[in-house]
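First, one chain by itself in structure tokens, the form predicted alone.
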Amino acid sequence: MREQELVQGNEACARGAIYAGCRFFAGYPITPSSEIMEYLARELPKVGGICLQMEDEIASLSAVIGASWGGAKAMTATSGPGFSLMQENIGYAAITETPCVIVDAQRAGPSTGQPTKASQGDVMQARWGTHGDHPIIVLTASWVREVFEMTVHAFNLSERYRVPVILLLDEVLAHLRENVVLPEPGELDVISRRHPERLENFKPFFDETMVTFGEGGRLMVTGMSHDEFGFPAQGKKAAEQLQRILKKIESRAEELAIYRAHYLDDADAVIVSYGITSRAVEESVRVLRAEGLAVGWLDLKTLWPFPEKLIRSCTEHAQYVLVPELNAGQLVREVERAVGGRVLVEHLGRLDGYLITPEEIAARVYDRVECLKGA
């Protein structure tokens, strides 16, 4: 039996990236993500990789996009203001179908905010931060081992679907240390980039196969709307290409949904959570079930594309849904939309940079369930 290690969340992310085959990192130090870059600066060269400190976050993602087209699995990591700076290049990666991973260790904002306090305030920015309709996959994690696993998964999805994947962490999880047993080589699947079987008449923007620079393919890579060969297009052809890259992600929403479900079969009340908040929810559900309340818990790991059918199914027989988040109310809006007014959906938020406690969650659920019984 393998021994446990005391591992920090950011270190787990960096180690997961190397495990997944990441060989290029470009970034700019920013709290609370800096340890990811520090670890990779030391360890990437040992496996033949490259770690660059760029002049800012705009240049960081630019370098990552270039490295990806050069054939490398590539990643950057940032937080708050840096994530805002990356939005234009996230759009560029989306329209050019560039595989890459962006880690956002969220901190309280907006602007400089509270650099050493936790937040879940980037949920909507992760989906809609860049202008225009665009495909994106957004994952999250709640425990240190999950950070490792979801980093590997982020690279796998990015390579499989040729799409930028964002991994949302937060200050507490990024800096938290836990005793974990991390996967050994071969224990988790690692997906490699798919290349076309032949280059003759190859269409570089037609499916999920990809030719990188130097392999003999004829390529035109542009942020402009383009046809299947990469050349600028307008009107119907531009719309067809945009619809294709949107559909390849949105049509797989349920397939891409990663989650943990607990006690949902008999649940009168359901808590929908994600990220660091799920740790408090786990304890609150244990306490509420011990008191005889039929409380279920849906712990989301995939935030976008949003798993609407999953939410509807898991709340079908509930009378009350609670969505605790470290923000003023973001994912709760999607839950409300999916539920469609069938049951009461409430938000429990916190904006001071501190975590929502199990006691706060349990008290809110207990009060609402008792009110519903009285009604």
Partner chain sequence: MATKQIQLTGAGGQGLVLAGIILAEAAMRDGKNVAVAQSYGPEARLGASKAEVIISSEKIAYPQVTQPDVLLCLSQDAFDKYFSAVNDRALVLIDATHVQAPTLGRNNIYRLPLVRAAAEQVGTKLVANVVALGALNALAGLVSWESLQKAVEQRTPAKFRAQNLRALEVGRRLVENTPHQTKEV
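In this text the structure is predicted, and so the values were computed from the model without any measurement. Numbering follows the first chain given and starts at 1.
Another form exists, predicted together with its partner chain; not displayed. Remarks below refer to it.
> In the predicted bound form, is there a heavy atom of its partner chain that lies within 4.5 Å of any heavy atom of residue 276, even though the partner is absent here?
Result yes; residue 276 sits at the interface with its partner chain in the predicted bound form.
> Please tell me whether any heavy atom belonging to residue 201 falls inside 4.5 Å of a heavy atom of its partner chain, as the geometry stands in the predicted bound form.
No, residue 201 stays farther than 4.5 Å from its partner chain in the predicted bound form.
> Residue 115 near its partner chain in the predicted bound form, any heavy atom under 4.5 Å?
Although its partner chain is absent here, residue 115 would touch it in the predicted bound form, with heavy atoms inside 4.5 Å.
> I'd like to know whether residue 358 contacts its partner chain in the predicted bound form, with contact meaning heavy atoms within 4.5 angstroms.
The answer is yes: residue 358 has a heavy atom within 4.5 Å of its partner chain.
> Taking 4.5 angstroms as the heavy atom distance cut-off, pick the stretch from 125-133, 175-183, 189-197, 203-211 that is near its partner chain in the predicted bound form.
Looking at the partner contacts, the answer comes out as 175-183.
> Pick from 94, 256, 264, 280: which residue has any heavy atom within 4.5 angstroms of its partner chain in the predicted bound form?
Going through each option in turn, the one that passes is 280.
> Output the sequence-ordered list of residues from 5-20 with at least one heavy atom within 4.5 Å of its partner chain in the predicted bound form.
Stretch hits, in order: 5, 6, 8.
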